[in-house]
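Okay, here we've got a single chain as structure tokens, the form predicted alone, with questions on binding and movement later.
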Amino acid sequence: MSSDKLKPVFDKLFPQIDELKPDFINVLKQAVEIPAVSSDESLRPMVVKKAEFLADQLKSLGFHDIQLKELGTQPPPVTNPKLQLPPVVLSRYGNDSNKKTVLVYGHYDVQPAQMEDGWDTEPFELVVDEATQQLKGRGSTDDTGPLTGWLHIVRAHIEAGIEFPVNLITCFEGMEESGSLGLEELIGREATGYFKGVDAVCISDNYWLGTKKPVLTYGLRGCNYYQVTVSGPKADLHSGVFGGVIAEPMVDLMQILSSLVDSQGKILIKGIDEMVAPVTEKEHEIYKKIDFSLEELNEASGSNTALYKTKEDILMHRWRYPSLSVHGVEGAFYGQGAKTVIPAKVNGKFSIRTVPDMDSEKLTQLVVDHCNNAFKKLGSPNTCHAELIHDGAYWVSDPFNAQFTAASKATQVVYGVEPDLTREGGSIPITLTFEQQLKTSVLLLPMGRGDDGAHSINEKLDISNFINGIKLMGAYLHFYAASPEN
């Protein structure tokens, strides 16, 4: 359907959203005030409280079949062996067999935050900064703001007297910041139950590439996390007594880690490059249109340490080529001062961001073989063990399918520009789970900007992004409802 045919709808809907802005901000304020930190066991009651708050909001808007799905006991490591996982909030709005059904996913848990971390204001008090036109507080952009946006668009339709264009299903979880424990199993169970008949899934848990232009995201890198352990003496030793006469695990580990990747970012493990899908001409054209520059990368990193100089090279190595990052060493001295200890056992942590068409099992075998061979070359009497800690698959969709086309039209109506089509270097593993289990397409529809500081101090969401993001959600649903196919 063309924008002209939907113009009368938007002419009523958008002003209604503007009028309700104070109410929408107030709901967000109430939600942000609940410190739903899923990684802190002592705050688990607050996570549950936030789920109940959302359930009350849904009920007041006329959602039905509202369920707080329990996920059972949280697996170790936990201090409290009886700790219950927070519930997943399921609900429905509309049940018209003649309408398409869209499932919207969001998470209501947040990252830890304290004033002493460096916040300018109390993190669990939403601050409406009129000078900067920003909403500041933990969860404002990740993901409480976007999540409540789905509730607000329903209210805007009700207040404006506009028929809602689709059947809406919510799936709001409370453990995303702690690994989405239990959610994958729930989706599998409900694929033929609560989620039966879902035509499309929309997730608003990502961000614009920069700060000026909206985007639609059609791909995510996966993540394989590895550990290589080198063991030697039974206990830590004094270097003045044993230095030079025993094989030191830390020395062996450093040489193994340095064999994985060079200083230019090139992965040195044989066989990985051959697994990566080649760049097609159609894909290359997408990168040419994207609004991005080397200066934006330098600003984001706070340095001039970029490995690539062109927009295309930067974005491709950020999104569609694999990367290997060394994250740290466990078991070694790392504090201030000088400690002359020889660690008895050290664990090196590193990850590989995966892309099409990399197979996780084959990749792990290549990694383990490489580490074993690198260690063997050292001729050390120590022992070495490399292993996969966890993996999450990459995801890529068709950026020209019905969902993305609807979202592109919506972006042009709300923002007046055609959105950039982007991929992201990070992972949202649940994206692939929804796609595979529900056998449908998934759209990543960001609300916030690239400088929102989602996991950092002073997290914010621009008020214009909040309000326009709600309009975008509504326009997307109308365009998708009118599309001729799923």
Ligand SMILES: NCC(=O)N[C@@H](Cc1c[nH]cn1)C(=O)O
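Take the two forms, find the largest set of C-alpha atoms that superpose within 1.5 Å, and that set is the rigid core. In this text, residue numbers run from 1 along the sequence as written. The model shown is predicted, which means the values in this text are computed figures rather than measured ones.
There is also a form predicted together with this ligand; it is not shown, and the following applies to it.
Please state whether all three residues N26, K136 and D452 have a non-hydrogen atom within 4.5 angstroms of this ligand in the predicted complex.
-> Not a single listed residue reaches this ligand in the predicted complex, so no.
Contact stretch among 148-156, 364-372, 401-409, 172-180 - heavy atom within 4.5 Å of this ligand in the predicted complex | Result for this chain: 172-180.
Interface membership of P429, this ligand in the predicted complex, 4.5 Å heavy atom rule = Yes, P429 sits close enough to this ligand in the predicted complex that at least one of its heavy atoms falls within 4.5 Å.
Contact of K212 with this ligand in the predicted complex (heavy atom, 4.5 Å) = K212: no, not in contact with this ligand in the predicted complex.
Does D252 reach this ligand in the predicted complex, with heavy atoms at most 4.5 Å apart?
-> Judged by the heavy-atom cut-off of 4.5 Å, D252 is well away from this ligand in the predicted complex.
Is K270 close enough to touch this ligand in the predicted complex, meaning at least one heavy atom pair within 4.5 Å?
-> No - in the predicted complex, heavy atoms of K270 and this ligand never come within 4.5 Å of each other.
Which of these residues, K376, K309, K289, H390, gets a heavy atom within 4.5 Å of this ligand in the predicted complex?
-> Selected option: H390.
Sort through C223, V396, A247, V329 and report the residue having a heavy atom within 4.5 Å of this ligand in the predicted complex.
-> Filtering the options by heavy-atom distance leaves C223.
Can you tell me which bits of 83-111 touch this ligand in the predicted complex, meaning any heavy atom within 4.5 Å?
-> Residue within 4.5 Å: H107, and no other.
Using the core for the fit, does the CA position of G392 change by 2 Å or more between this form and the one not shown?
-> Where the cores coincide, G392 still shows a C-alpha shift between this form and the one not shown that is 2 Å or more.
After the core is overlaid between this form and the one not shown, has the C-alpha of A410 moved by 2 angstroms or more?
-> No; A410 is a residue whose C-alpha shifts by less than 2 Å between this form and the one not shown when the cores are overlaid.
Per-residue C-alpha change between this form and the one not shown, Q134, threshold 2 Å, rigid core fit | Moves: no, less than 2 Å.
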